[in-house]
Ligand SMILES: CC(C)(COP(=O)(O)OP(=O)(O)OC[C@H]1O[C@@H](n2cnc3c(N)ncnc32)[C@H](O)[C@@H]1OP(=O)(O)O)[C@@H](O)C(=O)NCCC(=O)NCCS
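What follows is one chain in structure tokens, specifically the form predicted on its own.
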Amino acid sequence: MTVVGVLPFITPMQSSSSSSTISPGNQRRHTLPASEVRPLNTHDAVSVFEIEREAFISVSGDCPLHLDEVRHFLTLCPELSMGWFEEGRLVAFIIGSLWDQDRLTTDALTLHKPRGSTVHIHVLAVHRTFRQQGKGPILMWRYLQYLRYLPNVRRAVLMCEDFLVPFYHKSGFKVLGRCAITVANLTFTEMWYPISGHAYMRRNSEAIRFPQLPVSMETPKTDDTR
């Protein structure tokens, strides 16, 4: 899958004062962006899993993706992931893959269907020290806008426990019904989000340049659940 015209959604969220500074001794000192969003890669897999493990095991006793599965999806479809970094440290992330059926089945947990038009969002998680700051909703908003630029993508789906339905509903997801997938004694609600505007955005992908907005302006601040 090619990614066309998506840079406005994966460039720094707020610019740092400079990418490098000159010290009094005329030594160049490189600095990291204060806050940036970019696709993840396999080098980020351990950081992803550490955040995910802490976020989910304490609640449900298991993770949506284990470390080998994180590496699997970041190898097959890194363009369907998004990580939020603060001074080079991963603080929140989303991992997705493509699916080619109307509803999720157990195969959707491990397979990436390159010809599919549905993005299956496997996991959204926020590092424990950065929760309750609105980062989860902000990152989801940016991710959904980013998906509008991917050819052939028509919708996003996810499965969540019932107590998380209001959280995703605030991001615009609608309930599809009870998910066919169960994990141990856990059941899930399946939710979906329509991805629209493809024809216009593809035609104008080279011309569109969205301004960078301060984080606080991108989406209303709401509580993070994960």
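When you see a residue number, it is the position in the sequence shown, counting from 1. What you are looking at is a predicted structure, and each value in this text was computed from that prediction instead of being measured.
We do not show the form predicted in complex with this ligand, though everything after this point is about it.
Participant: Report yes if any heavy atom of Pro137 sits within 4.5 Å of a heavy atom of this ligand in the model of the complex; otherwise report no.
Facilitator: Pro137: yes, in contact with this ligand in the model of the complex.
Participant: Quick one: does Leu164 come within 4.5 Å of this ligand in the model of the complex, counting heavy atoms only?
Facilitator: Looking in the model of the complex, residue contacts with this ligand include Leu164, since a heavy atom lies within 4.5 Å.
Participant: Could you tell me if Tyr168 has a non-hydrogen atom within 4.5 Å of this ligand in the model of the complex?
Facilitator: The answer is yes: Tyr168 has a heavy atom within 4.5 Å of this ligand.
Participant: So, Arg131 and this ligand: in the model of the complex, are they within 4.5 Å at any heavy atom pair?
Facilitator: Flag for Arg131 set to yes.
Participant: Here the chain is shown alone; which of Ala108, Leu144, Cys77, Val126 has a heavy atom within 4.5 Å of this ligand in the model of the complex?
Facilitator: None of the others qualify; the residue that does is Val126.
Participant: Since exactly one of Val37, Ala55, Met191, Ala45 fits, which has a heavy atom within 4.5 Å of this ligand in the model of the complex?
Facilitator: Here the answer is residue option Ala55.
Participant: So if I measure heavy atom distances to this ligand in the model of the complex, which of the stretches 96-104, 117-125, 149-157, 69-77 falls within 4.5 Å?
Facilitator: Heavy atoms within 4.5 Å of this ligand in the model of the complex occur in 117-125.
Participant: Out of 174-196, which residues reach within 4.5 Å of this ligand in the model of the complex, heavy atoms considered?
Facilitator: Result: empty, none.
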